[in-house]
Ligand SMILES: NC(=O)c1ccc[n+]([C@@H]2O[C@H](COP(=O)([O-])OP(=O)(O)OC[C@H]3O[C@@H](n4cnc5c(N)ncnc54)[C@H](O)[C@@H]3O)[C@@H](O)[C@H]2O)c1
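Presented below, as structure tokens, is a lone chain in the form predicted on its own.
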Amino acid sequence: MALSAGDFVRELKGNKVLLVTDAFLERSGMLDGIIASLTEASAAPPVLFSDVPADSDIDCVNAGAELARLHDCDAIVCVGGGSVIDTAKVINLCLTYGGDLMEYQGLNLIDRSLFPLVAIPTTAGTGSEVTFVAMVKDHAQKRKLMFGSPYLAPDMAILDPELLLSLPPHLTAATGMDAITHGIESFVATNTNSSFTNALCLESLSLLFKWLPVAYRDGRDIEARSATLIASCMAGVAFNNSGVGVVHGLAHSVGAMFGTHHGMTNAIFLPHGMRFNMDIAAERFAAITAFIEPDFAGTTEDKCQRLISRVESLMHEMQMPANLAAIKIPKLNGELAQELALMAAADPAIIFNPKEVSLEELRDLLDKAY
């Protein structure tokens, strides 16, 4: 018999559960079985917090933590996409530690285990269900806040492809391209030195290039949903170990400034970031092509160009926007471009890019993506 969310909470010694989700999932009926299993496991229904927006922020985190404290919750289950899971991670931090969440912004400022957390993703993209990083927005400052520690990672992740069957095509595409960006960037990141990580990147990309367009065309294809969900999780484990790079740095800055969808913004920057890194990461890009398309013959440069072409063709096939103008970003004048470049340069993701990136180069990438 398959284990349920309630079984995992019981195994983790949780009693009073905060269930973190969004308004759509609450209305959809998709949570009914999860709520029933949690109620059976603890002899009481979970406390529901369904106010997580698509681009979650510190106000949402504080509201969720206050609700959890009010009901003496000692475990969290989150059901949703990356925004929901990241919100739950930071709520868990606040619930365990108390105080101002800003005290813990940054990397490795948490020194003990948090309350049990079970993550159930409803998109195949962020990999947040297996990572120890969470990002929420500070709307007042128009910036993304990063929280990072091994203690932030969920204790359990449940991958159920049936929860993805109603995901609309445009979100299937955007979240899937997020996972592809994770696989490609982590494979060439400076911190990539593990055969384990390499294997996860390559296999996740092989699955995504094969099954993502199938899931986009037919969201009810359970095999495609399962493959993309597994691939997203694998890519999450990979970048959790190796880091990402300039594409994520730029996507974080644009997302913080304009509220754009993270996966869609990553997709727009990905071909440009790959071309920028090609002079130093050519062998790595070529290795990806060799793995996902072993019959393709050509030089290292040919294989690099082939991979970029595959990315762009997949975006076109899924009718994704090809540039920043298409997602209604205003023309990047000198001052605005400089601010975005400075934000990207300060983003922790850029530390792991395979080569250093100057402010001038970041502004050039912004211009090319427009």
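Heads up: residue numbers just count along the shown sequence, starting at 1. Quantities reported herein were computed from a predicted structural model and do not represent experimental measurements.
Just so you know, the form predicted in complex with the named molecule exists too; it's not on screen, but the next bit is about it.
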- Message: Within 4.5 Å of the named molecule in the model of the complex - does that hold for a heavy atom of every one of Asp22, Ser128 and His261?
- Response: yes
From Pro116, Gly82, Gly148, Gly243: within 4.5 Å of the named molecule in the model of the complex by heavy atoms is Gly82
Among Met274, Ala227, Cys73, Met135, just one has a heavy atom within 4.5 Å of the named molecule in the model of the complex, namely Met135
- Message: Is Thr123 part of the interface with the named molecule in the model of the complex - any heavy atom within 4.5 Å?
- Response: yes
| request: Answer yes if any heavy atom of Thr175 is within 4.5 Å of a heavy atom of the named molecule in the model of the complex; otherwise answer no. | output: yes
Discussion item. Can you tell me whether Gly106 touches the named molecule? I mean in the model of the complex, with a 4.5 angstroms heavy atom cut-off.
Written reply: no
My question is simply whether Leu171 lines the interface with the named molecule in the model of the complex - judged by any non-hydrogen atom within 4.5 Å. yes
Only one of 97-105, 178-186, 281-289, 206-214 sits within 4.5 Å of the named molecule in the model of the complex by heavy atom distance, namely 178-186
Restricting to 162-177, the residues within 4.5 Å of the named molecule in the model of the complex through any heavy atom are Leu163, Leu164, Ser166, Leu167, Pro168, Leu171, Thr175
